[in-house]
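Below sits a lone chain in structure tokens, taken as the form predicted on its own.
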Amino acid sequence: MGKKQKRGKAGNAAQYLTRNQAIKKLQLRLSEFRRLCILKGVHPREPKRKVKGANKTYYHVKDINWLAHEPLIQNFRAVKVHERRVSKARAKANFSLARRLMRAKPGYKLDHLVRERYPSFIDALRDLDDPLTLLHLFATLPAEGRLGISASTVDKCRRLVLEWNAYVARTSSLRRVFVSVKGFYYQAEVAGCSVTWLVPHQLAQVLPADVDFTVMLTFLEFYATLVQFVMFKLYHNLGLRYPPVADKSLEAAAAGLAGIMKDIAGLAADEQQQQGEQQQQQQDGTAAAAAALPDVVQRLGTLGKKLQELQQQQQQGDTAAAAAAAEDESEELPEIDSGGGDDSESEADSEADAAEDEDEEEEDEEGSSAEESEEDAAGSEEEQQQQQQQQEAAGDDDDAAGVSGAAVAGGGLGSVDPDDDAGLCSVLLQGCVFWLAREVPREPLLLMIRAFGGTAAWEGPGSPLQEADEAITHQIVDRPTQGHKFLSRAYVQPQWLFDSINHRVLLPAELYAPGKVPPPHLSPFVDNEAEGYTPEFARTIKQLQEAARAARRAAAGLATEAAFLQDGSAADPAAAAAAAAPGEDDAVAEKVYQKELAKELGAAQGVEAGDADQGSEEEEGSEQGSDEEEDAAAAAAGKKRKAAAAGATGKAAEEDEEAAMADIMMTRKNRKLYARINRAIEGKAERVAALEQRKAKLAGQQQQQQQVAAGGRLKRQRKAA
């Protein structure tokens, strides 16, 4: 018989410790223990059996042993001793000693924790959502010494935020933007990882009293170190120095992002200048080598000429071979003499006689079948007219789609691949110059415009343009009315920029005119197909996207085969349809399909007309029908309907029986899972039905409002008359 184990030496009691036990083991205060757990990434655990009580917080023994070897514990103890010395000096009224001790406060770094928690750079990028959100939050908060939020902390967060935004704008990494009550949701694609963060609105922030800012500041301390590591790596991958130097004048004028972007642009110019100097040095080195080794340089100089001569010889040989092949073919073909000799005259006479014989035979045949062909000719003429009208309408639709596609496709037509989303994002606003009014949020709009290839100007220092400049194409305003307007630019609300960026098309500016209710701001993070409901405006946007895609493909030179199909579809639609491979332009394939369908419908109408003529002749030959046959046919049809209804009822009963049998055969766990899935499907269907009802209700209200407005206009017109 084995030795009996004591209670608490094995199982959950030995594997888990309460928070008080962990604090006693580490000899730390509660605030220091909480701070250490946040910095190290240690979280409480939930054991299966809570031995010490259900209302206690448990930690795993391995986590506590891991914390016991952390060097930061010694730093925390040194800080505690230093605080005790400062408090003693103040108690003795030795303020000079207290100030001297405050200047010599011991510090610590968290670099080793970042390398420990994130072994690779990709791991740090994947966990960058919460750090960026917290940094943007503290960058908008006011400094409050009572809560521990110092001005240096806010400035540091503000600097890191501007550095991140400058990198996103420089690399055109921004992909999605959504505006909500909480703020701006951004999503960027950095090194293949999607990073999503939230930026609060620039409003006066009220600090709540029920929030523990000490815990948030501890998280902020680690996140700031992590973001500095990430930004250092990202900037050096671009060949830029880190940290960038912001322009003090622009920063004082609330244009910090423009100041950092200016520094980055200056660094890029310096890099180009350095590359030019390196090329010049290489050329100088080549010249020096030429002076040292003239024979080698002379041979290298004649190498290009020799290559050109060889290419010319090869081309001459190819042309000679092609000419010889053409001569062989011409020898095989029969010769046609265009002169005026006897042979040609006899041949011409024989051909004329044969043609006269053929004409006589054709006249006899035509005379015998003239009556039969009149109706067919009339029907074929009608079919041709219908087909021509359909082709003209399809051509007009294609032309309109092409014009609208070129208008909404944005900049960079022909310079990027239409299937390359990253390249499309970098040139979407290329050629667009925006003027930002005073009432719009400048920094978010500046970030989006710079990230998508546009140019932004504003009122104040650092602006590249003035408001009256004719180069401005769009003016973003957020006021009910716009007094003075320039005819050379479009006036839109800020939502136009968000929607255009999310859907990769330049939406019509008339929908977002100042003072007008804009279309619904659809979230780019919602999948309409997965939700089962597609709004009306989403369908409109999809049509614009298809038109823009067709315009981009045409501009990129990918529509040459589509043009060939358009030219050959009128002569041979079947061959054109066979040549249309998968992956072709959708608009061209749709056009070919419409033409084929029109011809098939025309042929079917002709066949039906012929059948009708034959039927009329038969009816004229036999004009009687029996009532008994009609009654028998009606009785047979009734039996068929009853049999079909009985079959449907039996099929439904069989399906119910199979479902019940499958439910019986499932285990309890699978049955619960299946029921949960069905409840989720039913809930989705209910949500879709509620949305449809709300949509119908709104449509009815809008129709009533339009009717009331129309009635008011009629009354006013009558009174005026």
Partner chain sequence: MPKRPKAQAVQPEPAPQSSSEEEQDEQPLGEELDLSSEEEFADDEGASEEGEEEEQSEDDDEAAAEDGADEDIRQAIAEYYQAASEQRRPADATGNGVPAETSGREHESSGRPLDPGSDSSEDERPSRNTIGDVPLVWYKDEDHIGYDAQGAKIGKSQRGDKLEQLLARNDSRKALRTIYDAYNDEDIVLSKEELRMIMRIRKGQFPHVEVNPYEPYLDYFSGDVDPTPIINAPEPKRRFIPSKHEEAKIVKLVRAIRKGWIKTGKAKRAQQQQPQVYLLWGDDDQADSAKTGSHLTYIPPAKPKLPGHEESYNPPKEYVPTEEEKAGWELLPPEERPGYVPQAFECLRHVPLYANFIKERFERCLDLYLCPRVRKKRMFIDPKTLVPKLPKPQDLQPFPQTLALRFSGHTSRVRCIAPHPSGQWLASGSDDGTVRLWEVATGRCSAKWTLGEPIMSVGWCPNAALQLLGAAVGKRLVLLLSGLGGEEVEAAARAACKVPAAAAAGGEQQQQQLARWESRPDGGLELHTQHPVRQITWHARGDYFASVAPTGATQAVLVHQLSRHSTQNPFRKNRGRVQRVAFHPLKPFFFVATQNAVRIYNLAKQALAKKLLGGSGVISAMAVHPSGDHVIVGSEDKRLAWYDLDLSTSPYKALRYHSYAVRGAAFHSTYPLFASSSDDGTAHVFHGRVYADLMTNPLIVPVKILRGHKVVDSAGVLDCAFHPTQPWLFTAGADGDVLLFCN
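Numbering follows the first chain given and starts at 1. This structure is a prediction, so every number in the text was calculated from the model and none was measured. Here, rigid core means the biggest group of C-alpha atoms that superpose within 1.5 Å across both forms.
Beyond what is shown, the protein has a form predicted in complex with its partner chain; the following relates to that form.
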(message) Within 4.5 Å of its partner chain in the predicted complex - does that hold for a heavy atom of every one of Pro518, Leu522 and Arg668?
(response) yes
(request) Would you check, heavy atoms only and a 4.5 Å threshold, whether Val206 touches its partner chain in the predicted complex? (result) yes
(request) Answer yes if any heavy atom of Gly239 is within 4.5 Å of a heavy atom of its partner chain in the predicted complex; otherwise answer no. (result) no
(request) May I ask you to state whether Lys684 is within 4.5 Å of its partner chain in the predicted complex, using heavy atom distances? (result) no
(message) Taking its partner chain as it sits in the predicted complex, is Gln493 near enough to touch it, meaning that at least one heavy atom pair lies within 4.5 angstroms?
(response) yes
(request) Go through 78 to 86, 166 to 174, 464 to 472, 121 to 129 and give me the stretch that gets within 4.5 Å of its partner chain in the predicted complex, heavy atoms only. (result) 121 to 129
(message) Just to be sure I understand the contacts: of Arg90, Lys542, Arg479, Arg99, which is the one whose heavy atoms reach within 4.5 angstroms of its partner chain in the predicted complex?
(response) Arg479
(message) Under a 4.5 angstroms heavy atom criterion, identify the one residue in Ala652, Ile664, Ala68, Ala680 near its partner chain in the predicted complex.
(response) Ile664
(request) Would you give me the residues of 15 to 39 that have any heavy atom within 4.5 Å of its partner chain in the predicted complex, in order from first to last? (result) Arg34, Ile38
(request) Answer yes if the CA of Thr57 moves 2 Å or more between this form and the one not shown after aligning the rigid core, and no otherwise. (result) yes
